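Quick heads-up: it's one chain on its own, the form predicted alone, in structure tokens.
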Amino acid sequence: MKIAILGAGAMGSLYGGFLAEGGNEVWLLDVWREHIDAINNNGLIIEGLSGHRIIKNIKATSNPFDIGIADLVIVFVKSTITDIVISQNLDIFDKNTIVLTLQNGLGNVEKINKLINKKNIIAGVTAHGATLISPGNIFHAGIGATNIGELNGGFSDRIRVISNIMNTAGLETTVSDNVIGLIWGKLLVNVGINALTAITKLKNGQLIDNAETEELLETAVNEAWNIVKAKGILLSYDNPIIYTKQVCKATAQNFSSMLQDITNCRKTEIDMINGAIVREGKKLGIETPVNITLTNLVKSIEKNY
């Protein structure tokens, strides 16, 4: 299958590397010239939990015309720029191209749907963790499952094909009939981890090694859980607080994407994660004081880069 990865950061590169190893024609599409050049010249270097190797049979570019029409586009750009990046790269899509978002936060499907027919969009979540070490070099810091699904909850032939491709490539993948629940389930994990790590500069696992950050994690997730219950959303796990702590353990050595953004003075996805909980809370009349605090602290850090 011809696969384009839209956004070749740590996670996009990780998935692109695995899928290339699985025998697919994979293109990484990104504006970071140093990263693109390093991959094309030296291959993509993956270190960490899945072993050390250099992947040569992967292509990288900043020009969508180099790719042509893709069978599958996996979106890994920051949720704040989803619609902008899609609009700048329409040349890799046609009426048959499937678009899979594995991004963090709420609202990505809606942003993609501004430019791509909703019937072409599928969604999912990933529990993998990865960190950029240097151009062309990533560290696989956390291994977990990938869950994907049709927006209407059906079990289509195409979703089974994509699941099989990912499993063949070594990315453990299951198909879900509750993709909205998956997205909210991943959101609650990010609510508990991302902003706290960005503010404290701690790795994921360290959040539950300290009583103070563990309490903040629990409270932030509980506020979000109250919203999930009020909206009647069915999650894929029973207790979000326990599950988030399990993710912390499974990705203990990972630097969250938001911490990486803060470290590199980049705009974060705070508005699509903790900020989304604040907005939903206001709509429902549910108090979210910890999420408001975390949102404002991260925004204050951004404003003072």
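One-based numbering along the sequence shown. Since this is a predicted model, take the numbers as computed values, not measurements.
Omitted here: the form predicted together with nicotinamide-adenine-dinucleotide. The next part is about that form.
Stretch-level contact check against nicotinamide-adenine-dinucleotide in the model of the complex with heavy atoms at 4.5 Å: of 113-121, 216-224, 76-84, 154-162, the positive one is 76-84. For the chain shown alone, residue 149 is not a contact residue for nicotinamide-adenine-dinucleotide in the model of the complex, no non-hydrogen atom being within 4.5 angstroms. Interface residue remark: residue 186 is counted as part of the site for nicotinamide-adenine-dinucleotide in the model of the complex, having a heavy atom within 4.5 Å.
Taking non-hydrogen atoms only, residue 97 never approaches nicotinamide-adenine-dinucleotide to within 4.5 angstroms in the model of the complex.
nicotinamide-adenine-dinucleotide in the model of the complex is approached by residue 103, whose closest heavy atom lies within 4.5 angstroms of it. This chain is drawn without nicotinamide-adenine-dinucleotide; in the model of the complex, the residue among 277, 26, 29, 70 with a heavy atom within 4.5 Å of it is 29. In this stretch, 35-67, not one residue has a heavy atom within 4.5 Å of nicotinamide-adenine-dinucleotide in the model of the complex; the partner itself is omitted from this view.
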